[in-house]
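Shown below, as structure tokens, is a lone chain in the form predicted on its own; questions about how it binds or moves come after it.
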Amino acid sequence: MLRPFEIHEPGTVEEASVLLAQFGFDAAIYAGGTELLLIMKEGLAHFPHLVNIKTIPGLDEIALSTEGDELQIGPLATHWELERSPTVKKHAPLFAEVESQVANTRVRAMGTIGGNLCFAEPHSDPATLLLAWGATLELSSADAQRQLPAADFTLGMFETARQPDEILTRIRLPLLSENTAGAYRKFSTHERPMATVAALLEVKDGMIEHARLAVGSVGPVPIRASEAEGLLRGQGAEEAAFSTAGELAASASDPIDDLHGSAEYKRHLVRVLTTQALEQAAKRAVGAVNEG
């Protein structure tokens, strides 16, 4: 049962930041509320003050940057909106594909991308993809604004680099080159992923020039499988050692035993999902090059 709380409705990011600073640890940001209200109902946390940022104009915008080199996503954009956005489908179809796989219809309709990232629940689809993609997060307060790579945002289970008075105001997704393609694979139980893998491959003249590989949902935070990435560079896109890369990714994933499964089983899942994701990403990248 929910204990009493007060909702504040600021009109600007600056006003919201001031409220967060004023109430400190007694305050939480309210966006989609799918995770926040759940833990409050279960008595796992209590916040006497909720700062409703849905009253701030512009935080749900999805648009191409003025320079045309990145997709800019407001934190209040819901998973449902991102899944169906013509802009996202045109410029970042893999992102729309992943958003369509988040939880269930109700969560996608209510849950926001910003809420998902800031809650830092380990079993997150977007977090794994954004890490592989090299996204940048914009954090704003009443006094300053800063840009943070997605790799530096999630610090641990339910812990991020966001300061108490900061608000996630924008997610910047660089557009992929014409000869770069990606794929996403996951294994889920009860609508929460047990293991997730995102792969992006840049292919030129049939060779892999660059690889980005991220593994998530098996430990407290998603990680880059850098050794596997290094193995893939310089290999033929249609004959690369994807299974060996899968082994390296599994070794780097450092899974933990929990209610979702044993560490060894999760390591097996990472091995299989990595191989599958790389194979599909390579096919897509080769196809994009041939079409070009």
Partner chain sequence: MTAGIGHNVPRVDARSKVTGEALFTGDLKLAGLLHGKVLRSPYPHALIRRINTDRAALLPGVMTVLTSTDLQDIDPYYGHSIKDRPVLAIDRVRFVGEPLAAVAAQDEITAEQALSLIEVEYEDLPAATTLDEALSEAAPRLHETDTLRPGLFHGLGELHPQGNICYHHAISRGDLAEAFKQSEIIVEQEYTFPAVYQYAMEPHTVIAAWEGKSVTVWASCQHPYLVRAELADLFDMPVANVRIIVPFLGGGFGSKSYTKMEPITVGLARKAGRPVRIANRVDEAMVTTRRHNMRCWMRTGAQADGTLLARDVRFWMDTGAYADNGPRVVATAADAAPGPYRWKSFQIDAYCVYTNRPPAGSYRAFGATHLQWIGESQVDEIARQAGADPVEIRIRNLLRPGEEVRPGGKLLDADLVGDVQKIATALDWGSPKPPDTGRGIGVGLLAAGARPVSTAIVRMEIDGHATILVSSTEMGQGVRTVMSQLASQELALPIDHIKVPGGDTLITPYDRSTGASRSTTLAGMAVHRAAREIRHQLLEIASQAFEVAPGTIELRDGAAWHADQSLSYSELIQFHFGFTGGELIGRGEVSPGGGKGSYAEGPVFWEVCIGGAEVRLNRDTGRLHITRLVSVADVGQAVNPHLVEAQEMGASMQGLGNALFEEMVFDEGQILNGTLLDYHIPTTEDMPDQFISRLAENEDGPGPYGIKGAGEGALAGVPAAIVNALADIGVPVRELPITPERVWRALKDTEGERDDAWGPPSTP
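The structure displayed is predicted, hence computed values, not measured ones. Numbering follows the first chain given and starts at 1.
Another form, the form predicted in complex with the partner chain, is not on view; read the next lines as being about it.
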**Report entry** Partner proximity in the model of the complex: Ala21 to the partner chain, non-hydrogen atom cutoff 4.5 Å
**Finding:** no
Query raised in the report: Looking at the partner-bound form in the model of the complex, is Asp69 within 4.5 Å of the partner chain by any heavy atom?
Result: no
Query raised in the report: Going by a heavy atom distance of 4.5 Å, is Lys90 a contact of the partner chain in the model of the complex?
Result: no
Query raised in the report: Can Gln163 be called a contact residue for the partner chain in the model of the complex at 4.5 Å between heavy atoms?
Result: no
Report summary line: In this chain shown alone, the residue from Glu191, Asp152, Glu178, Glu159 with a heavy atom within 4.5 Å of the partner chain in the model of the complex is Glu191
Report summary line: As a check of understanding, the residue in Glu264, Glu61, Asp254, Glu238 with any heavy atom within 4.5 Å of the partner chain in the model of the complex should be identified as Glu264
Report task. Please determine, with the chain shown alone, which of 168-176, 181-189, 218-226, 198-206 has non-hydrogen atoms within 4.5 Å of the partner chain in the model of the complex. Result -> 181-189
**Report entry** Interface residues of 1-37 toward the partner chain, as seen in the model of the complex [heavy atoms, 4.5 Å]
**Finding:** Met1, Leu2, Arg3
